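There is one chain below, alone, in structure tokens, taken in the form predicted on its own.
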Amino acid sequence: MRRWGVFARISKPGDKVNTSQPRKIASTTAIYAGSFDPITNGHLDLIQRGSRLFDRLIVSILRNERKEPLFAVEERTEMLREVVGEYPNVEVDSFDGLLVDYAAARSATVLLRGIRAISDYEYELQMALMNRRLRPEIETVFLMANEAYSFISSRLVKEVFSLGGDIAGLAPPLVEARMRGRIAKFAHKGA
């Protein structure tokens, strides 16, 4: 393959390559979906890396009425927008229903997923295969978690924080401050 900036032409050995007619590489939109309740530094690591890999990255919050979130979707959207503001090709949204239907509606061709451990892979593989069955034109791309964040999950951060543990370095300071405010609000109601 020969590249000229955003242009590419695939050639085989022995082919005559016409450099006057390069083909434009299609822009790639990816979706990184999750609950983001709360946003962790592991999420931010994947967002930062995904922003380098794809032309457009949509970070989308799943609206899941079955779970009792710490933060409302609107609060998570606001926090995400604040912490990803430095990435011009990243936008924040929310959705409900099937992820692949949402991806198709947003013209995304890639689903970005993070893998922390082998247990994540087993679950994510099942989801990726089902998504491929539903929408074969949408690919799933897995990124291995940065080793510094490979043990972090939103659930674990919430649990440690609620028990008085230190979560510095596990979540952005903005998120930690909002969590402190949320816990203080609940403590006031109980008093």
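Each residue number is its position in the shown sequence, starting from 1. Because the structure is predicted, anything quoted here is derived from the model rather than measured.
This next part talks about the form predicted in complex with a small molecule, which is not shown.
Contact with the small molecule in the model of the complex, judged by any heavy atom within 4.5 Å, is made by just one of V160, V141, M144, M127: M127. Scanning L99, V92, A108, M79 against the small molecule in the model of the complex with a 4.5 Å heavy atom cut-off leaves one residue, L99. The partner is not drawn, yet in the model of the complex one stretch among 161-169, 145-153, 119-127, 49-57 has residues with heavy atoms inside 4.5 Å of the small molecule: 119-127. Of the heavy atoms in L44, none are within 4.5 Å of the small molecule in the model of the complex. Contact check for L70: no non-hydrogen atom falls within 4.5 Å of the small molecule in the model of the complex. With a 4.5 Å cutoff on heavy atoms, T40 does not count as touching the small molecule in the model of the complex; it lies far away. Shown alone here, A30 lies farther than 4.5 Å from the small molecule in the model of the complex, counting heavy atoms only.
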